[in-house]
Structures are given as C-alpha cells and as structure tokens.
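Quick setup: one chain, the form predicted on its own, written in structure tokens, and binding and motion questions come after.
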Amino acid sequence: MIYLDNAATSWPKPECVIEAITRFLHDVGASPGRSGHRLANEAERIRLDAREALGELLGVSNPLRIVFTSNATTALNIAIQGLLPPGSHVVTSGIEHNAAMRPLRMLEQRGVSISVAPCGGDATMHASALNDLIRPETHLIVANHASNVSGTLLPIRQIGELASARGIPLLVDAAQTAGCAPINLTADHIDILAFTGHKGLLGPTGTGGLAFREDFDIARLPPLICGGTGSRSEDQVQPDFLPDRYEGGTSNILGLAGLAASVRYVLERGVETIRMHEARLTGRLIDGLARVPRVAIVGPCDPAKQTGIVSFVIDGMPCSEAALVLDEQFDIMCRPGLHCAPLAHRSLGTLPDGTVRLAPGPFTTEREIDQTISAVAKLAEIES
C-alpha cells in the first residue's frame, strides 16, 4: 500500500508515538491537574513535556503559552469568535479552509464584515493584497499558512510584519505546516497560531491547540469553553491565566502523551530535514505528472512555494472515480473532491468538481512516488 493522504492525517506514526501511548495506558492512566498523587503528577509532567516540545518547535519560550484543544478547528474557533465582536471587520485570504471560513461566516450573520484577499490562479498571494483591505475597524487578520488543496505557501512573515505595523492581531492556521515547515512566532510576527497534532506533527488525532506570542495580551480573548481546570476550584469563574483560561474540562492526556513523543521525534529529525525530503518528493511528483497526457496539475508547481501536496485533475474523468481506481487497482491512498476548502478551489478554478490530492509525508519513498506516477499514467489512458 502507498499512503499519500498525509495532508488529511499523517501515517504511519513514529514507533515512539505508539510506545508513549501504550506506556501511558499501562503505567499512568490518571488525569493531569486533578489530583495530587504520583500518577496525576506524572500525567501533568507528560502534558508539560508536550507544551515544552511545541514551544521549542514554534519559537515560544514560555511553554504555558501553548494551549491544548481537541483539534485546529476548535483552536481557530476560540480565536475567531473571541476576537471579532459585532461591528468589527476581518481580513482573510482566498485559500482558507472551512475550519476558519465557517466560523467567520457564522459571525458575518451576527454583524462582522469579511474581506477576502484575492489569490492568483495558483493560489499565491502577496501581503499587499491583505493590506489593501484593512479598515479602521479591522480587528483581525486570518491567514492559512499553506493551502490544503494545492500546498501553496502564503508569505506569512511579510503578512506578520504588515499586521504588526498596523497594530492588528494575526491568526495563522498552521494545520498544514506545523512540523513540516519552519515556524517561529516571534520572527514571523504571528500573534496566535492554531495547530493540529495529527498531520505534520505526526501525533494522534484529537490533539491540537493554540500558541500565543509572548506579547499578545490574552485579556483581549475571552474563553470559548469554561469548566473545571483543577486550579482555583473555589471560584465559579474561569481562571484568567494561561493555559487554564482556555483548557476547561479534562485533557486528552492519552493523545498528548503521543503528541509529546511525536513532536520530540520531529525535533530530533529536524523540520528542515523533513521539509527537504518532502520537497524532493514533491518535485519528483510534479515532474512526473507533468509529462502525463490529460493530467493538469493545480498550484505553483514549485516545491519551494508549496508544501508536500500535489493536486491534479484528469481531463474527462471525475476526481472521485480517479481516486477510487487508484485505491482499488493500484493500492494508492489519496483524497478527491473539495477537501473542505471551497474558497481555495474557487481561487484555483477547480469548483465544483475539485481535484485528486496526493500528499507524501516523511516516510514516503522515491520508489512509491515513481509507482504513483506510473499508476496515474495508466489511469489517464482510460477512455473518458
């Protein structure tokens, strides 16, 4: 089997992740922050290790400014719903995932106005496109670090510099880049970053969170979910300090045990090394598919300008049919359709049918890429 669906969920997971989850179930099992016994203390140590590893990865010196949620969608909702009151304005890009766009559209119905910066036909965009849309009432800039359809990377550092100069918070959706592209909140001028654990971070599903830059004032952002934290239990109001302010309820500590191990693995292997490996495979895939008749690749077609995602269409063949044949006849796992990102497909000109998305990962080999190119070539020979 050739697994090329890493943009949805990375697989396989490093062995250390499986070992960490098994160890937690076998030897720990308790909840962090809820008791004073040694198993609860060990659970808290594991959770802190996950914060520290992510802080090291993302350039956040204070690990308590890493907040855990169940996924990037929840993280984005906390930030978007908290920072955009009725009457405010938000600027976003033309490649956003529905994880950001659906909460934005919900708030639009409550009086928030939205401006979408246009992207090119390959989903690229200049920071100036966002700058042109800023108004006096602009409360937030939301930018996807990379498209989950084409892999196109936005110029996040330039966008961050722009946002900082205008005094507007920048929220970055790093679901597709955390773990496989360099990110530093301070250097990139990112105020809040949403991440997920199960993609480039190589961790379990059901993990994710927010990372806050050191100088972002959390008093500006009310919690979306309130509940027990194990701290200040005498109060009936949510704690006002990090990370408890946004971590009401019991943590997915089993998942965080795996996430701590997976992020340590990424750090040891090196984000730059992973990035180079995936860029090499992406370039090989682009070059091979470009020579196949009837196949059109969507996006920049340049590994330096995108993540390890290659989307394509076959003239005359529905995307769902192509993916089904790749699965059933060639044992290749990929994803067809709109990928929960209709805005990106509008920018790319691939509505309403979508694309076939191939997404190699850190464990994909060149041989698997060559076999995939061969399979797509055979697929393209099928009469429409």
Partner chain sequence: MNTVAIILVYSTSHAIQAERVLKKAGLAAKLIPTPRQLSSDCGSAIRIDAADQEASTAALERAGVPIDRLVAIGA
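Positions refer to the first chain, counted from 1. From a predicted model like this one, the values you see are computed outputs, not experimental measurements.
The next section is about a form of this same protein that is not shown, the form predicted in complex with the partner chain.
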message: Considering non-hydrogen atoms and a 4.5 Å limit, which listed residue (T273, N184, S231, S128) is close to the partner chain in the predicted bound form?
response: S231
task: Taking 4.5 Å between heavy atoms as the contact cutoff, choose which of G59, P342, P318, G33 touches the partner chain in the predicted bound form.
output: G33
task: May I ask you to check whether D244 falls inside a 4.5 Å heavy atom distance of the partner chain in the predicted bound form?
output: yes
query: Closest heavy atom of P63 to the partner chain in the predicted bound form, within 4.5 Å or not?
result: yes
query: Does the partner chain come within 4.5 Å of any heavy atom of R47 in the predicted bound form?
result: yes
Contact flag, S70 vs the partner chain in the predicted bound form, heavy atom cut 4.5 Å: no
message: The chain here is shown without the partner chain. Which stretch in 71-79, 223-231, 102-110, 184-192 comes within 4.5 angstroms of it in the predicted bound form, by heavy atom distance?
response: 223-231
